[in-house]
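Next up: a single chain in structure tokens, the form predicted alone.
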């Protein structure tokens, strides 16, 4: 299962009231998505990465048929979003961190039974599927207690269980690890990567603003900012597109920090930081205004009779990529 989106746009309207006439209100438009185009292949974990308000949730809701865009086309496994919403719902699962989408006085099992009925599962089918998901997501200990008593982590796992009731081939996951403690987040991320993607081969669209999560989980990324895709591709491909500063790790044998002070004055050196300095062995992180400057820096160090033990290019982290393309 795969899907493609071409030039999707959506304008949001907001209600405003004025102090002078509280009964009057206007609906100004804000373009929430602006010409979004992307394609997700079968079996991929495709990340939609962006800050709060970038349009990630809006895009997930469009693909789940909860809202329709103003213009553009979206094909999900060949079915058109406008003309075939019922067919699309059969193989789409939507995971949200929105707790209000559950009934708080019902137990987790009762909630799952209710949503299974909405999927037109028979009683036997629902019971079998719920039991399977309870075991798969380790819900047995709390599933028969009221939803209102659950921890945040348990609520998130129950949300994933709900999205898997119909065994969908495509999962839309909107910030599934938001508000989780580090251990719960790691467990859920491993479940998505190893079980849902690895074992069950599901196609996953993951909306997140967690950079480490995107780097760990996603095969491909689209970075969204102010309703637009600013860059798209595999993380390595995105890094190659970026021009600008390059970082290197240098390991030098020096007798004093004189060399460090001289290094800061060299042509092309933007920044240098000492990582460690033990027994005359200094490890540095050097930021250059371009990769082409590294040869002149090394030649200068050699001319200063500095022993160079290592020179290693440092790959940009996703944090650095994100900062460059969004700001």
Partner chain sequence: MIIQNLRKVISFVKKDFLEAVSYKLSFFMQIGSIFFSIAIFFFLSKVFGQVISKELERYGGDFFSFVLIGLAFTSYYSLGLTSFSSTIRDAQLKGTLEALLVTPTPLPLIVFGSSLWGFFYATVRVVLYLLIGAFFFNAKLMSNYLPAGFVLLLTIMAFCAIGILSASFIMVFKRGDPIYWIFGSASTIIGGIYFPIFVLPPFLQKCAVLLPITHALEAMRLLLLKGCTFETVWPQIRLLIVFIVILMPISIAAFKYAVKTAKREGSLIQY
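This is a predicted model, so every value here is computed, not measured. Residue numbers count along the first chain shown, from 1.
Not on display, but discussed next: the form predicted in complex with the partner chain.
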Counting only heavy atoms and a 4.5 Å cutoff, which of 252-260, 198-206, 99-107, 213-221 contacts the partner chain in the predicted bound form? 99-107
Does at least one non-hydrogen atom of residue 70 fall within 4.5 angstroms of the partner chain in the predicted bound form? yes
With the cut-off set at 4.5 Å between non-hydrogen atoms, does residue 149 touch the partner chain in the predicted bound form? no
Using heavy atoms and a 4.5 Å limit, would one call residue 298 a contact residue for the partner chain in the predicted bound form? no
Is residue 185 a contact residue for the partner chain in the predicted bound form, using a 4.5 Å heavy atom cut-off? no
Consider the chain as shown here, without its partner, and state which of 246, 162, 129, 155 has a heavy atom within 4.5 Å of the partner chain in the predicted bound form. 162
The single option of 266, 281, 66, 294 touching the partner chain in the predicted bound form, heavy atom within 4.5 Å: 66
What are the residues of 111-139, in order along the chain, with a heavy atom within 4.5 Å of the partner chain in the predicted bound form? 114, 115, 117, 118, 119, 120, 121, 122, 123
